[in-house]
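The chain below stands alone and is given in structure tokens; this is the form predicted alone.
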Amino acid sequence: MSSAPLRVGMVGVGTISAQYFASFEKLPNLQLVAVADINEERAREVAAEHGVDARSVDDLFASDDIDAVLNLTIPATHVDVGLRAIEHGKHVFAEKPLGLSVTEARPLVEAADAAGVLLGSAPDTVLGTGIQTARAVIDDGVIGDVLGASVHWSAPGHERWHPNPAFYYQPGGGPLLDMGPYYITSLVTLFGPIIRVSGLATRSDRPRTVATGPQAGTPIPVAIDTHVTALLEHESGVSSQITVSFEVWATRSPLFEVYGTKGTLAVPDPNRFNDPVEVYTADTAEWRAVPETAGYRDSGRGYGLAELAEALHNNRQPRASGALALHVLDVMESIARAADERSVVTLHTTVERPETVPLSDRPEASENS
């Protein structure tokens, strides 16, 4: 059994939108109807390029031919845009983070529940074969009982590649809120919810300037911490440690490893969808590649929205849900608080560990999904 595709309106046509446009062609359960942006001229250009309508933001929310809003605006407007879409009865899938704080974002989750619409949030990278195959290795007991994990992501700073990077250095940005969601969402997907955290954070005073595009040479004021390290305690008993940084010029640190009683799992970069998984076990005493066993093959940004459409058809919550994003936001906010107070912080939210994604090419609106 199949159903009509979910009709989508995109709000925000900045840099990240190109990756979503590339995925729409591979996702038959989605139909992009219109785009909108605060820069209406830019919206018209993008709409013409992709053969869809350009509408004002207000008109897009009010449109009867749109079922769901894909929110690709900057972090500071994620909640406002989401609430306005929900008020018009639209399902919402948003870029990360869900909001700038738990206090700000919780009403978004509550509004979606009250309105009977679905709320999803990036990162949907966790739905690809990389994280999902790693999850299957853990669930199958290949590395025994999991004890802990180590995660490291770092770069000198996004100003080296992004043409308009200033927002990365304001509240809502920084390595924790920008890159943290990929890794923390993956940790929750692998090991379940987090109950306590501690952390340390700092920033340097080195000058930063835009390196590319028309703003090249423009100074960037820094209003956030740029190097963050945290220790996380999962409800399952697993401990994980994470470092995210805009201060590291080069590193040989492992990106993402999981340590078990029978071996070690090398998890691919959660900022990507489909990189290979490797495992080292005591009985083989060597690294070996793991065949893809779970997740969406050859996936990309937009698969989370397609999975939301599948969830809608099958009367369940999406795997990349608003509740998961709220918990991840709580983790990040608690890390920042722990770093500021030099304390251990207990979280206020929890979430169920998402179900594994069966190995498949794409989300399908079928009774067997």
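Keep in mind that what you see is a predicted model, and the values were worked out from it rather than measured. Note that residue numbering begins at 1 and tracks the sequence as displayed.
Not on display, but discussed next: the form predicted together with a small molecule.
*Asks:* For a quick test of understanding: in the predicted bound form, does each of 11, 77 and 164 have a heavy atom within 4.5 Å of the small molecule?
*Replies:* Checking in the predicted bound form: 11, 77 and 164 are all within 4.5 Å of the small molecule.
*Asks:* Should residue 31 be classed as touching the small molecule in the predicted bound form when contacts are defined as heavy atoms within 4.5 Å?
*Replies:* Residue 31: no, not in contact with the small molecule in the predicted bound form.
*Asks:* Given that the small molecule is not shown alongside this chain, does residue 73 nevertheless sit within 4.5 Å of it in the predicted bound form, heavy atom to heavy atom?
*Replies:* Heavy-atom contact with the small molecule at 4.5 Å: present for residue 73.
*Asks:* Taking heavy atoms and a 4.5 Å cut-off, does residue 81 contact the small molecule in the predicted bound form?
*Replies:* It does: once the small molecule is placed as it appears in the predicted bound form, residue 81 has a heavy atom within 4.5 Å of it.
*Asks:* Does residue 344 make contact with the small molecule in the predicted bound form, using a 4.5 Å heavy atom cut-off?
*Replies:* Residue 344: no, not in contact with the small molecule in the predicted bound form.
*Asks:* To verify the annotation, which of these, 153, 182, 191, 169, has a non-hydrogen atom within 4.5 Å of the small molecule in the predicted bound form?
*Replies:* Contact with the small molecule in the predicted bound form is made by 182 alone.
*Asks:* Quick one: of 301, 313, 55, 327, which gets a non-hydrogen atom within 4.5 angstroms of the small molecule in the predicted bound form?
*Replies:* Among 301, 313, 55, 327, a heavy atom within 4.5 Å of the small molecule in the predicted bound form occurs only for 301.
*Asks:* The chain here is shown without the small molecule. Which stretch in 216-224, 154-162, 130-138, 109-117 comes within 4.5 angstroms of it in the predicted bound form, by heavy atom distance?
*Replies:* Answer to the contact question: 154-162.
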